[in-house]
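Next up: just one chain, as structure tokens, the form predicted alone.
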């Protein structure tokens, strides 16, 4: 925990544009024999967890590029790792992708070298969390290719909640749960500054007088109200989680009964026979649409381009989504995938795209017509959230 927050502070202090940038790759040559990827847990599987889920072995056999994966628990950790400059790719969520772009850590992608990009869901082909005009020449560049997307669900114990909770209040407000016991000490919250957006989204629904319209664009009053809610939540939280497998253990062995989570944990717990389910409550959910991005100083760019093409195959997209509980960026993956099944995309939230508040990096620009209004930038989210967890 202490090491992670020190990495976050390093990210905050890094000057923008400090990394060197390569010219855009114009052709894919022979593979360099190695590929280093920073990824969320469960995103890059080679059959070691479950033999049925393996989208690495075939790639290695075809390209000769041996895949090495560094698992990151938060977006801030991903940014910090990319600052080290020894990786090729990162599966970045929207709260990290623009920091990587404007920090000079990733390079524009030559889409001509990725034919399968044409098969990507049109709603994601120009998404603002990875398609920007960084150099100001009037033309937007693609800084990566979409991977998969999903929502931050409310995971709960079905023995404690015979019926699905209808509100996120079970993790934000002290109450007696259906089993007759308090929720204090039995819930968790995400260990990352972006969790402030979950509090803001809750207040959007329950305190409309605050005027919140976007949980990532908060003026000072809205931001402070969100922090107050998080300080209230702190009195209930048994652990701030960022490791998916530790959260799984906490639900099995430590009496945790409700928390924001990912479908990945829900699926693994369900496969173990644990009394676990998930829901998206009435307030909605935050979510992530992740992008595979290429480091500015990638030591293995040919292997990286071959991986980005591989990652957009319908088979890989379907298998990843079946394993993690996500929605594929290539909609053709929703049909004919044995692991995902005929209803997998709908089950994983395909129809919820317009309702999800996708993660993005908060900036001072509120994105509205009132240019005099200033929103709280991400660096202040980081320091404020450290204070919340520390009891301030």
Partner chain sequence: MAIATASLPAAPKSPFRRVLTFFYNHPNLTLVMLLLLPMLWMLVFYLGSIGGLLVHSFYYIDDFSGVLQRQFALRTWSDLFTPSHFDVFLRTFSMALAVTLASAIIAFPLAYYMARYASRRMRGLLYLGVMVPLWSSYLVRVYAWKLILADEGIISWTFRSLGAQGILDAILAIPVIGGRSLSFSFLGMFLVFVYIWLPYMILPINAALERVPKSLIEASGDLGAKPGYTFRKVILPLAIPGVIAGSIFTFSLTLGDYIIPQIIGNSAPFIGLAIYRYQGSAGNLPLAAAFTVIPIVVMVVYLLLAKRTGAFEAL
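Remember, it's a predicted structure, so these values are computed and weren't measured experimentally. Numbering follows the first chain given and starts at 1.
Heads up, the form predicted together with the partner chain isn't pictured, but that's what we're talking about next.
> Is there a non-hydrogen atom of residue 250 within 4.5 angstroms of a non-hydrogen atom of the partner chain in the predicted complex?
Replying inline: Looking in the predicted complex, residue contacts with the partner chain include residue 250, since a heavy atom lies within 4.5 Å.
> Would residue 234 count as a contact of the partner chain in the predicted complex, using a 4.5 angstroms cut-off between non-hydrogen atoms?
Replying inline: Residue-level check for residue 234: yes, a contact with the partner chain.
> Is the gap between residue 255 and the partner chain in the predicted complex 4.5 Å or less for some heavy atom pair?
Replying inline: Although the partner chain is absent here, residue 255 would touch it in the predicted complex, with heavy atoms inside 4.5 Å.
>> Given that the partner chain is not shown alongside this chain, does residue 175 nevertheless sit within 4.5 Å of it in the predicted complex, heavy atom to heavy atom?
In response: Outside the cut-off, so no.
>> If the criterion is a non-hydrogen atom within 4.5 angstroms, does every one of 186, 239 and 379 touch the partner chain in the predicted complex?
In response: Yes, the whole candidate spot contacts the partner chain.
> Any idea which of 336-344, 56-64, 358-366, 24-32 reaches within 4.5 Å of the partner chain in the predicted complex, heavy atoms considered?
Replying inline: Going through the listed ranges, the match is 358-366.
> Of 103, 301, 165, 284, which one comes within 4.5 Å of the partner chain in the predicted complex, counting heavy atoms only?
Replying inline: Of 103, 301, 165, 284, the residue with a heavy atom within 4.5 Å of the partner chain in the predicted complex is 103.
> Just one of 191, 141, 297, 121 has a heavy atom within 4.5 Å of the partner chain in the predicted complex. Which one?
Replying inline: Going through each option in turn, the one that passes is 191.
>> Residue by residue through 376-390, which ones have a non-hydrogen atom no more than 4.5 angstroms from the partner chain in the predicted complex?
In response: Sequence-ordered list: 377, 378, 379, 382, 383, 386, 387, 389, 390.
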